[in-house]
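One chain follows as structure tokens, the form predicted on its own.
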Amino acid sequence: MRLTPEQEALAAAIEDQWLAAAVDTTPADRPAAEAGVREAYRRAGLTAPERIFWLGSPRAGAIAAALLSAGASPSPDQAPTGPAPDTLASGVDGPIVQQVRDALLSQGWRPGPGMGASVRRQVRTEPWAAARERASGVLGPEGWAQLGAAAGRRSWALVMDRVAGRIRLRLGEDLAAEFPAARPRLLDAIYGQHDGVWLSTFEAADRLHPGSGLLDGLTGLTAVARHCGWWWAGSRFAILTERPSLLARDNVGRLHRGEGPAIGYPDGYALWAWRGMPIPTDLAAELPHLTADRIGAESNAELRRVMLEHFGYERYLQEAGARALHQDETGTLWHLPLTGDEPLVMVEVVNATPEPDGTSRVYWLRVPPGTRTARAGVAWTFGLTADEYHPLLQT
């Protein structure tokens, strides 16, 4: 089948709802999420988890999964990888692990049998595969592909690439440093609110073909995704986590904030990022107090770019002693060498139309490092060569 414009619009509207869920920063609806977990287990033919534990972030969730996995295999065909049971209550680890241990103890956990093997495959992977086969059969390959584009064309880049993927990358690094036994637990994570990137297509299929059971098997996952963050499913216990309490992005959806973390969780876990690039916490603390000398002393070119964007290229050129390389009727070309990186080259241009107060606004245009004239630099910003650049009217 081929979707009508009205059906495509419906699919896009459903994607909008899931995009909103993916960036939701309100507290989890715990009763609704727990009901969803039990539904997911029931749909998978599993006994509901004996206990459901709540943690404040995916970092805490992964650590809890490692602690509770002691004595249990992460999957039926893998050997146990968790810490030994007699170390679980020892308190010999760092403060983050102790914080998670205390949270588990406060919820009634006692060292003993673990959470059981991961059932991620049964509650997520297999239901997804079965639902996809049903939907493809009902809509046909062309209709399924068209629906996938209509209900998910924006989600993957906005959610998985720019948010969830960044969280996962940072989590891997942090867990490797803080509690290496927890890092493999990321393989068992179910992405909660971020699973909406693919659930949206199945919900759209179900809305277009009510009564076909196209969302059967996914209703539990859908409920969890609407009401909480990442989670872990074991044969005996499940671990659910809160959504972030803060999420800051730029105009294209990248994690971005200069005066604090770009994403933060209720238990204090946070990730700093500038235009999508994760940055160390100590650098984040420096950003409000940067100086030209500090930027010049930074040896990491990527971090120096972050500093320059926060500090302001034009301010850095002025304070670091840039040299005027060329000047003509279009503006002034400035040049400043950067250690270990390409030189900073920018054109200073003056708006031809005065502001209401009589002043003229100045703009700075970063241009390729090989630019030799101001005209060539301005022309480059229009995709033209210097010979091709002949503006008829300047504003």
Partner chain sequence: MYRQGDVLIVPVAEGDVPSCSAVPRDRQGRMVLARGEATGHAHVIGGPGLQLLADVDDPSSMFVDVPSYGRVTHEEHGPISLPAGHYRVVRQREYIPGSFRPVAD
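Numbering follows the first chain given and starts at 1. Note that the structure is a prediction, hence the values are computed from the model and not measured. What we label the rigid core is the largest C-alpha set whose atoms superpose within 1.5 Å from one form to the other.
Keep in mind the form predicted in complex with its partner chain is missing from the figure; the text below concerns it.
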- Item | its partner chain: the contacting residue among Ala324, Leu187, Ala130, Val252 in the predicted complex [heavy atom, 4.5 Å] | Val252
- Could you work out which of Ala270, Leu247, Ala320, Leu158 is the residue within 4.5 angstroms of its partner chain in the predicted complex, going by heavy atoms? Leu158
- Give a yes/no on whether Glu342 approaches its partner chain to within 4.5 Å in the predicted complex, heavy atoms considered. yes
- Item | Asn351: touches its partner chain in the predicted complex, heavy atom cutoff 4.5 angstroms | yes
- Is there a non-hydrogen atom of Arg366 within 4.5 angstroms of a non-hydrogen atom of its partner chain in the predicted complex? yes
- Quick one: is Glu309 in contact with its partner chain in the predicted complex, heavy atoms, 4.5 Å cut-off? yes
- Choose one stretch from 191 to 199, 260 to 268, 301 to 309, 207 to 215: the one whose residues place a heavy atom within 4.5 angstroms of its partner chain in the predicted complex. 301 to 309
- Quick one: which residues from 186 to 215 get a non-hydrogen atom within 4.5 Å of its partner chain in the predicted complex? none
- Task: Would you tell me if Ala20 moves between this form and the one not shown by 2 Å or more at its C-alpha, with the rigid core held superposed?
- Result: no
- Message: After core superposition, I'd like to know whether Val347 moves between this form and the one not shown (criterion: C-alpha shift of 2 angstroms or more).
- Response: yes
- Query: Once you line up the core, how about Ala11: does its CA shift reach 2 Å between this form and the one not shown?
  - Reply: no
